[in-house]
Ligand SMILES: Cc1cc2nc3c(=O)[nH]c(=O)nc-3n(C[C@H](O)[C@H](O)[C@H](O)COP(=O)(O)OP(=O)(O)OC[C@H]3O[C@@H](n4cnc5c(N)ncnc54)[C@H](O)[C@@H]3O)c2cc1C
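Before any questions on binding or motion, here is one chain by itself as structure tokens, the form predicted on its own.
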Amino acid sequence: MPDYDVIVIGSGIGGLTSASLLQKRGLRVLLLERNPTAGGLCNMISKNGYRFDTGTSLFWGFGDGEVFHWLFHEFNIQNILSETESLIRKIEPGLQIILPNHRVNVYSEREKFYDEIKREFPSDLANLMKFYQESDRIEGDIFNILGNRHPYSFKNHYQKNNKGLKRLYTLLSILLKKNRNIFQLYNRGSRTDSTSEIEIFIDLQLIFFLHKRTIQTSLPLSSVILGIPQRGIYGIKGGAAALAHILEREFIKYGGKGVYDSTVEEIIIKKRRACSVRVRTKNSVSDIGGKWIIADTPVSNIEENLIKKKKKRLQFSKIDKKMGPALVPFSVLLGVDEKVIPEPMGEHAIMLRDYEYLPEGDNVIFVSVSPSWDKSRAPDGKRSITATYFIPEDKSSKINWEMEKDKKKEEMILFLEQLMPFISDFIDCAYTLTPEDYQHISLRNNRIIRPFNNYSNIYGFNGLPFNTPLKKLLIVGDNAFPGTGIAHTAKSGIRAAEYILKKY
């Protein structure tokens, strides 16, 4: 008999979600993690009294009917979403878009957002209002009709007597739109040779969540992404690590076993079925059997590192081909006096440095600021800031980061002066995270982030699977469900857990 019903490799949000749900439903689950703590990229770095997220710092999916709302109700811990707990809060503005000539706060209330547009783009107000209204209508149909297939929804909200007909017509409508570009909703028509400020403004909103521009993204998904701030962007006291701790706590509460500082050296296969894992813990090696194995690790890691005896390739490459070119991050971590944070900046901003270059690579800076109400992240009167840009893996490989990191740190601080004047005079500490640092933290084979190529298929019309070429081996995390957000990875864990439960 197998030692466990389910073995979960990796304790990112996807792995923790599936492990905790399966353990709660009565299965015997073993969670294996190579790092000393759970969370994967959802972890923290402590420097000089400041704490910085190592990966995800942007959170959504906590609203009514969305992924974490459903998940917390499953564990009967929905009280942590209440205002009195103050652990998870909706933040306003959710995002700030910064162009060389404009600064726009994106609020959850569309009227407040339109006031921002009126101030910055008065001649385009009417067209942009129509644009967002049509985009919101498409996103609302997707959210309500598709239920489980929507990236953030977990319920079907239409009345039963209208469900069949509305679902049919909405699915047909979405299918007809899937090869269209969202900018076709804008009254100025198709894109021109010269990229306008409005186009870049919309581009940055998609890049912030997807690392994709409008011309690379289908109309349905673009509408979903543009609707995220309206549904709510949230802050978590203690950052992403706190969310990982919540799920880990539920897993342990229901009797789950987690083994840390343990390395899975091999997934053992018999007759194209994953049946056990070989694990090294300190100086001992053991084989542990499982009826099912869930891998919260990139597909490339599985095929290149964990499958040793293979006479031929197992077609993991088919999953890999659905992903876009790899991106790697470079980050500067700053501890600063809070007086340099402008109001109302909010906690998240995306900044275009120069109109002369495309909105990609180091021309786009992602900025996250610890909330003023989260005293666990910085000393009194201080804030922690993470500024990041993403560049293609092939470009990164040509840079000697050890030699260049200090120079690039100073360049990043200089760019931040545009956003937060005089910040250089109020920095307590400054550190860098290079692509090599992220590789060490994430334990990934170079490819830290992999956006998906074909976003039009995420709604279940040929969506990416969580099953693999091996029987009884499922994948969760950002390789199993489109997007780079934490709501997506949690959704992947829910889908995998439900799939296994249906087989029992």
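Note that the coordinates shown come from a computational prediction; the quantities given were computed from them, not determined experimentally. The first residue of the shown sequence is 1; numbering continues from there.
Below, we refer to the form predicted together with the ligand, which is not included among the displayed structures.
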By the heavy atom within 4.5 Å rule, which residue out of Leu470, Met44, Ile441, Leu27 makes contact with the ligand in the predicted bound form? Ile441
Counting any non-hydrogen atom inside 4.5 Å, which residue from Ala242, Met351, Ile91, Leu306 sits next to the ligand in the predicted bound form? Leu306
Does any part of Ala496 reach within 4.5 Å of the ligand in the predicted bound form? Heavy atoms only, please. no
According to a 4.5 angstroms non-hydrogen atom cut-off, is Thr297 in contact with the ligand in the predicted bound form? yes
Check Glu33 for me: does it contact the ligand in the predicted bound form (non-hydrogen atoms, 4.5 angstroms)? yes
Does any heavy atom of Phe251 come within 4.5 Å of a heavy atom of the ligand in the predicted bound form? no
Look at the stretches 376 to 384, 136 to 144, 262 to 270, 94 to 102 and give the one with heavy atoms within 4.5 Å of the ligand in the predicted bound form. 262 to 270
Could you tell me if all three of Ile9, Gly39 and Gly485 have a heavy atom no more than 4.5 Å from the ligand in the predicted bound form? yes
When the ligand is considered in the predicted bound form, the residues of 42 to 69 having a heavy atom within 4.5 Å of it are Cys42, Gly55, Thr56, Ser57, Leu58, Trp60
